[in-house]
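In structure tokens, the next block holds one chain alone, the form predicted on its own.
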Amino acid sequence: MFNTLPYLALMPAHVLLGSAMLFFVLGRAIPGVNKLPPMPIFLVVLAGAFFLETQGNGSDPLFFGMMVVDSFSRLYDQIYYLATAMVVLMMHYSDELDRENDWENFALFSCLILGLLFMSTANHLLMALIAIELVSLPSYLLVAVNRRNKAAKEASLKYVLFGSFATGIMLYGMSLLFGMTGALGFADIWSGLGAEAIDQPIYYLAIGMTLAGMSFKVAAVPFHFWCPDAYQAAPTPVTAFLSVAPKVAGLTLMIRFFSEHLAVQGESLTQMLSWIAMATMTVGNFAALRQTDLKRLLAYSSISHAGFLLMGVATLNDDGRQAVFFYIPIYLLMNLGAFMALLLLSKDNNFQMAGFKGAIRSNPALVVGFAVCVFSLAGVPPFAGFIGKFYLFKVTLEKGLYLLLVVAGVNSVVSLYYYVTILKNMIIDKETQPIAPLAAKIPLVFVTGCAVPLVFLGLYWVPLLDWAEKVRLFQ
């Protein structure tokens, strides 16, 4: 008899699917429904899905083992809901999104989050491919929704082309893995490859090409070229969302993909991931040095942070998984806080650095909150970003990856330079065109709500470390 009870673990996914149907179809088909405010409805959906996620326990393999719902996926899913709720609040204070299309925008977000859930639970290459595409397709559309920005369509097209390219490479890598092992399940692939496979060049080719789709979502080198243009042209709330949620989902997929590797394969995989991490953080940081548009600069900053997070993935052990999860809530707070502050400080959605000169004179509290987020991004003590990077450096040192450690240290210094340049522009330089003081207080509460935990967690991080302890093992 077919047992449907384990599939109740997918109730949050069902809620999001129902949300997508509501916003896409019912909102337009049923008279009067589309007159209701979509934002509160979507926030209620997120709250319901979050609650259902917290009620689950144990490990439930679904669809013949193609998906696994466990503590690892549940904790990351909660991160997605929190990030989305924060971005929805940002949307309320942005005029870059057409309010007439809010129902369609929230439908796209519902589909995108559903894809993120599938990426966290995927235990099979076919499911991983479906999940990546379910995240990518709504993302392409969300980048282009700002019709007033002529560059948005071009950026979206570039995003589509790079996504298609990465997916094609990933599919070819999957075909090689299937040809070598006769399997698509993660555990079956690694056991099928065995110890003898690491001496064959096709082993590295197959793994590297399969990583293409995951690297594309993380914006890791060499699949990062779409990121700066897409982040710069997209509405700022969409940019903030793309800089956090899909990146985190790509990391979870990588972690689960490598979780079943055999011990004898670990050294070669660690070296491969270490080189990707070093290239990603170096390209991101040095490219950021030349940027004058702050959204584009933060895009390169997010690429460099992907490299730092890949340090934890490269260790291929429980401590690395814990360090990655420990850093992610911190990264969410400092990145979303920084984007919200820029959104509020910008004039006519112009994010050129020169337009923010002397911003502290008109909006001191907002600039102070932004400074906390930026110093945390740079890894300056006593802010939480320093503690997050400390644990990533710690697990890297324990693994003996000394070259990766040195490269990460140099990149931390490089990143400090351009972050301080932004703050010098806002605090020391004289304003050329006065920035209007912030009228509403709620947006300031948003930025403060991101900045205060960054200070607190920089001084007392034990609760977050205990929370991260739950992802050490898949259970």
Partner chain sequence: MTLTNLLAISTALFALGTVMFLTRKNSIALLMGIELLMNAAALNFVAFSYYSPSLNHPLDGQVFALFIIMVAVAEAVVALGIAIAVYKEYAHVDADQLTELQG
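What you see is a predicted model, and the numbers here were worked out from it, not measured in a lab. Residue numbers count along the first chain shown, from 1.
The following text describes the form predicted together with the partner chain, which does not appear among the structures shown.
- If you check the partner chain in the predicted bound form, you find a heavy atom from every one of L129, G168 and L176 within 4.5 Å.
- For the residues L332, V380, L342, L184, the 4.5 Å heavy atom test against the partner chain in the predicted bound form is passed only by L184.
- Of the candidates A85, A279, L262, L161, L161 is the one whose heavy atoms come within 4.5 Å of the partner chain in the predicted bound form; the others do not.
- In summary, the region of this chain contacting the partner chain in the predicted bound form, judged by heavy atoms within 4.5 Å and restricted to 343 to 351, 243 to 251, 380 to 388, 119 to 127, corresponds to 119 to 127.
- Contact between F225 and the partner chain in the predicted bound form is not found at the 4.5 Å heavy atom cutoff.
- Using a 4.5 Å cutoff between non-hydrogen atoms, R74 does not count as a contact of the partner chain in the predicted bound form.
- Using a 4.5 angstroms limit between non-hydrogen atoms, R256 is distant from the partner chain in the predicted bound form.
- Looking at K153, you'd find a heavy atom of it within 4.5 angstroms of the partner chain in the predicted bound form.
- Contacts of stretch 277 to 311 with the partner chain in the predicted bound form, defined by any heavy atom lying within 4.5 Å, are made by R290, Q291, R296, Y300, listed in sequence order.
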